[in-house]
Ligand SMILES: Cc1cc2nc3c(=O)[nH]c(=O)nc-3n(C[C@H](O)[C@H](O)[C@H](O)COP(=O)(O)OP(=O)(O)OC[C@H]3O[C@@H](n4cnc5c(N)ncnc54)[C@H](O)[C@@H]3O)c2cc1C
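Taking the form predicted alone, here's one chain by itself in structure tokens.
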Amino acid sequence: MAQSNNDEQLKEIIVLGAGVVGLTTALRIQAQGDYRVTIVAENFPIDPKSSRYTSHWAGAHHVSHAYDDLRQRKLDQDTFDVLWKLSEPGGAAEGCFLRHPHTEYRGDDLANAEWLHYMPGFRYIESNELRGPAKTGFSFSTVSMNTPVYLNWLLSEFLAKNGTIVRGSLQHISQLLERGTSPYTGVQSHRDVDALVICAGIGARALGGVEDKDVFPIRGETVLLRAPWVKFGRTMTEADGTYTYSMPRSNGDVLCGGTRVPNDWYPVPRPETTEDILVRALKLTPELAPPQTRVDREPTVEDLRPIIIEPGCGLRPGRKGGIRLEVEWLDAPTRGKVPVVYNYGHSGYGFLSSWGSANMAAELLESAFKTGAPADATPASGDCASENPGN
């Protein structure tokens, strides 16, 4: 079928990866209006949960841990602005989110949370409000995401705006640079690729043409409970770095966690870790136990077992040096050099910084098209410096 003149004028962009970063980046680039965007991925939100697709297993609430990293602060705050707007009552994406009060308890020496002052209703809590080993604390309003629902909403928005998805297992990015998606669709005719955007998450470590050995897994475990009576979130950071949280969702589930173990590739939950999470989560939030069990006694872990939906395990895409946000110009056999934008390595900050990093990736792409390939084709960097593994 012949393509319209207007369609012919659109630049062909391929986004590699369909996790929260890839989906958000594809939507953001699509919104520019000058591009035809295709997402190529091995796994999509519509697929059954597996360890090969980390985004399904995320919490996720918006609680920034940017500290003094100014770039990360901007990515997080820009993302929160979008999520808060999307979660407005009556909005198209309202069902993906739960707006709720959240309290952060700190057992370390952190006394100031200046990077969180933009959160609605932020305040430092009084000493008589502290729990357990906490020395300080603060509260504010935030949003939690029902991640499988939100991911599918992102995908449906992308498709509704004439986006295209292609399922493919890529060994090397040159497979896309030469003839676009034709090796995966079987279509003989093809459109030349004008740019690639790499949102490959932990896959960036082994993907040919990227092979970023600074990427490493940060293994995390969670337990999903059915507790619709819990409408607030809590986190506890202990002096030794142990991080415990409970995140309510709009459908009545509560995600509890967690763990952060670098360079651990084990892909399924460990029973002993599940038990540890239940113990810690109940200590932090005894309200997780069904109300009838708390009438005349202290709740126990046994009270939680009937409401367990499933334990979960995901491999966060950590990266030494933080998020890679930069442009590199690579040779395409029929086109000369084309820009390749990198946007991966978000550790536990994928949902938390998704829209902020998507904005930056889109800006890098726009700038690349305006300026063209530099003589030496050195990367134009937007790297983030943080190595904090996140949630």
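Position 1 is the first residue in the sequence shown; the rest follow in order. Model, not experiment: these values are computed from the prediction.
Quick note: we don't show the form predicted in complex with the ligand, though the next part is all about it.
The closest heavy atom approach of H102 to the ligand in the model of the complex falls outside 4.5 Å. For the chain shown alone, P148 is not a contact residue for the ligand in the model of the complex, no non-hydrogen atom being within 4.5 angstroms. With a 4.5 Å cutoff on heavy atoms, G168 counts as touching the ligand in the model of the complex. Using a 4.5 angstroms limit between non-hydrogen atoms, L364 is distant from the ligand in the model of the complex. Three-residue candidate spot F216, L225 and L304; no residue lies within 4.5 angstroms of the ligand in the model of the complex by any non-hydrogen atom. Of the candidate stretches 286-294, 268-276, 112-120, 201-209, only 201-209 contains residues with a heavy atom within 4.5 Å of the ligand in the model of the complex. Of the listed positions (I29, L325, A60, A66), a single one reaches within 4.5 angstroms of the ligand by any non-hydrogen atom in the model of the complex, namely A60.
Heavy atoms closer than or equal to 4.5 Å to the ligand in the model of the complex belong, across 307-339, to the residues G314, L315, R316, P317, ordered by sequence position.
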